[in-house]
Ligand code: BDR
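Presented below, as structure tokens, is a lone chain in the form predicted on its own.
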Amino acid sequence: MQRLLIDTDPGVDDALALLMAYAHADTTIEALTISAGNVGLAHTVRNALSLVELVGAATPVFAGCAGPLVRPAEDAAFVHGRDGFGDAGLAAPRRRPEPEPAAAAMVRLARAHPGELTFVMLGPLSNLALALRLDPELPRLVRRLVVMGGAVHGHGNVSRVVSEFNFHFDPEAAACVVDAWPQLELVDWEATLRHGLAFSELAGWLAGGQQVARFYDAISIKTRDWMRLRRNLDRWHAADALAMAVVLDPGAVEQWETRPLRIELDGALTRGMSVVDWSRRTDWREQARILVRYRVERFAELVKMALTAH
């Protein structure tokens, strides 16, 4: 049984990743820690609470950073909708977040369960960076760290074209985590583009009419239209869902590459860039295990299971 702490900024693809985790029989979600990112913190917290209610879970939800650690950043509301859930007009959740800040909850839970928790980072790394400042021993206490972030060959998805959204949103937090962790598993934006799912396949799963399918159809239609019509993409790309697939079934990974990784903080054109020493020319630590290939059939199976489970 895997025990997960999921840090997230829901977000349409975050929602899919969470549904995948809740649908997986061998997984327990110990906590959701929430940051701003795709949209503002009030929306991301509300969205997390709505999703927990949808699946009937008792998972505690902890609100965290309302913005990047150092410099302000733009959100991704133009992709996810102003509320992060496609402006679908969902009813307000009845649940409320816990009073404890997210970073403090991360430290407390890791100390209470040393070597047992997998930290799954689906949004900007602001909360985890603060937790590291509270307890520099945190990496020793966490069983596994899986991060969705970066663009390891510089093919990004934000206005700074070499950067990926999560690292671009809070580069200082990303640098703090990457520099401190002895080994992390990285699922970057370029891997996401290599593991797309057919829109027609997704539509078939959403047409099932079950509660989760109806929910995800409603919150994702704006994002799906944006990908197809505005970006001219021929497949559905869900970065956080791919990261969650790696968490849930690491045996379906077909190729990793382990290399040194640093985050650029000062470049006028490259702030937030994932700088990978592919040729091993430096003396940097080789701390990043970078996903290259995941079995796409298994990825599709995990997504289908999540969307047709209820």
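Please read all numbers here as calculations on a predicted model, not as lab measurements. Don't overthink the numbering: it's just position in the shown sequence, from 1.
This next part talks about the form predicted in complex with this ligand, which is not shown.
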Worksheet item: Taking Asp13, Asn166 and Trp189 as a possible spot, do all three reach this ligand in the model of the complex with a heavy atom inside 4.5 Å?
Response: yes
Worksheet, complete the sentence: Note: exactly one of Ser274, Thr33, Asn38, Asn47 sits with a heavy atom within 4.5 Å of this ligand in the model of the complex, namely Asn38
Fill in: Interface residue in the model of the complex among Ile219, Val212, Leu184, Ala239, criterion: non-hydrogen atom within 4.5 angstroms of this ligand
Ala239
Worksheet item: Any chance Met148 has a heavy atom within 4.5 Å of this ligand in the model of the complex?
Response: yes
Discussion item. So in the model of the complex, is this ligand close enough to Thr223 to count as touching (4.5 Å, heavy atoms)?
Written reply: no
Item to complete: Evaluate Thr118 for contact with this ligand in the model of the complex, applying a 4.5 angstroms cut-off between non-hydrogen atoms, and reply yes or no.
Response: no
Worksheet entry | Contact of Leu122 with this ligand in the model of the complex (heavy atom, 4.5 Å) | yes
Practice prompt. Choose from 275-283, 50-58, 253-261, 239-247 the stretch whose residues reach within 4.5 Å of this ligand in the model of the complex, heavy atoms counted.
Written response: 239-247
